[in-house]
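Only one chain is included here, represented as structure tokens and corresponding to the form predicted alone.
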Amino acid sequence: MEVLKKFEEAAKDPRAILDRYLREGKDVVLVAPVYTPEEIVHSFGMVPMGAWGADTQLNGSKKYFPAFICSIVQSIVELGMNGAYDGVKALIVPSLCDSLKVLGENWKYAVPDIPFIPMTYPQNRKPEYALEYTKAGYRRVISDLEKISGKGFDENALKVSIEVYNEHNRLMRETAEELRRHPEITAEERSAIYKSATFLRKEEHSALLKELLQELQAATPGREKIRIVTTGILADSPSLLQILDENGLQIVADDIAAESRQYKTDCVLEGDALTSLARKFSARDNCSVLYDVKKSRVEAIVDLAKKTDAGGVLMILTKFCDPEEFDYPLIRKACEKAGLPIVEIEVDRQMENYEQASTIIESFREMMEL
């Protein structure tokens, strides 16, 4: 499918996308993981572009972080120091884990030419008073964007942006459903669909999704593969995805923060747009970085595997990610109770040797074939 090449090109070369937007006269704002209020950036006529780091050697950023911290945040700073983000107007960082909290402060010193905008979320996000706290964080972001852009905040523009993002959410969910019917789509191709959404304007990505859906709906599904569900923060390593493909595994659904978790929750427009956006954050659930004393995510993963007729669950654990590490024993216990094979692979942004991962996945495949 020709449209798949467009997703792959965008996923592999975000700098080319950034340069194109800059040539078109667009202002670009980096949005770090996770749940950064992209709709607000979009409402200013600016381009929100995801900053999830990249597979790169960490050199200069090591001066600002301890060795035992998430390599995603380290690589974001490394890229900033190396000029990969030159031309952007700012970096917005939410405060949903300890690593993200220090990312912004270190960014101010490591990359002083690109302003840092904090987005402070409440951990206890469900009560009504949490809405006001979230809205106060949004107003801080708005104030900084007004200074950077020279434009004032427009309530109606935010409503339009919310509709754009709701439409993109719907198309991403529809695409995920359709991909389950097509085992011929490789893990690498599937990843590119999600990763490109991080970099492209949502209107542009939505147009590609519509084209893809038309082609998928007209295509004849390929030969069946072993169906699995993935879970974790990030799962975009080409080497790891290639191993999945070589072992005949099909990702039929995911609980990945950089993938499907982004698109589960829509913003319901009721009253003013800012309150509606705050309610969207309040409604988010089933994520390791969101406070939940009941750990509903655990059973949600089991339910997802059952719903999609998956043979097992692959936990892709980002090294030194405490929220994911705390959840894994509970997820493993729930999967074992449900009779679902589960394995864990630890990854980071500096991995070069995937031989151990290959062995683990081969064993995982054999477990599911029994």
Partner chain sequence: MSEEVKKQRPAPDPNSAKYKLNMIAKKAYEDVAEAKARGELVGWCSSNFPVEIPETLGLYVCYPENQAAAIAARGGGERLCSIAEGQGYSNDICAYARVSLAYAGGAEAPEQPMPLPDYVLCCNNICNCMIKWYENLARELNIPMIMIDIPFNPDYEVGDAEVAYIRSQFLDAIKQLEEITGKKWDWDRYEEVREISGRTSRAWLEATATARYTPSPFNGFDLLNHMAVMVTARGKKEAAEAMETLLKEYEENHEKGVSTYRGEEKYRIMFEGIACWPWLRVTAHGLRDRGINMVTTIYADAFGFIYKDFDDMCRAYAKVPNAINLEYARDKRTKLCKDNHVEGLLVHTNRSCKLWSGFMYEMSRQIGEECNIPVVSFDGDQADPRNFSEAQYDTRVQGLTEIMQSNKEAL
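Numbering follows the first chain given and starts at 1. A quick note: this is a predicted structure, and the numbers were derived from the prediction, not measured.
What comes next is about the form predicted together with the partner chain, which does not appear here.
The stretch among 329-337, 34-42, 306-314, 50-58 whose residues place heavy atoms within 4.5 Å of the partner chain in the predicted bound form is 329-337. Highlighted residues Val102, Asn124 and Tyr133: every one comes within 4.5 Å of the partner chain in the predicted bound form, counting any heavy atom. Of the candidates Pro115, Pro118, Pro183, Pro238, Pro118 is the one whose heavy atoms come within 4.5 Å of the partner chain in the predicted bound form; the others do not. The partner is absent here, but in the predicted bound form a heavy atom of Ser288, alone among Thr198, Ser161, Thr175, Ser288, sits within 4.5 Å of the partner chain. Taking non-hydrogen atoms only, Ile256 never approaches the partner chain to within 4.5 angstroms in the predicted bound form. Interface residue remark: Ala218 is not counted as part of the site for the partner chain in the predicted bound form, having no heavy atom within 4.5 Å. Taking the partner from the other structure, the partner chain in the predicted bound form has a heavy atom within 4.5 Å of a heavy atom of Asp98. Although the partner is absent here, Asn106 sits close enough that one of its heavy atoms falls within 4.5 Å of the partner chain in the predicted bound form. In sequence order, Ser288, Leu290, Tyr291, Asp292, Val293, Lys294, Lys295, Val298, Glu299 are the residues of 269-300 having a heavy atom within 4.5 Å of the partner chain in the predicted bound form; the partner itself is omitted from this view.
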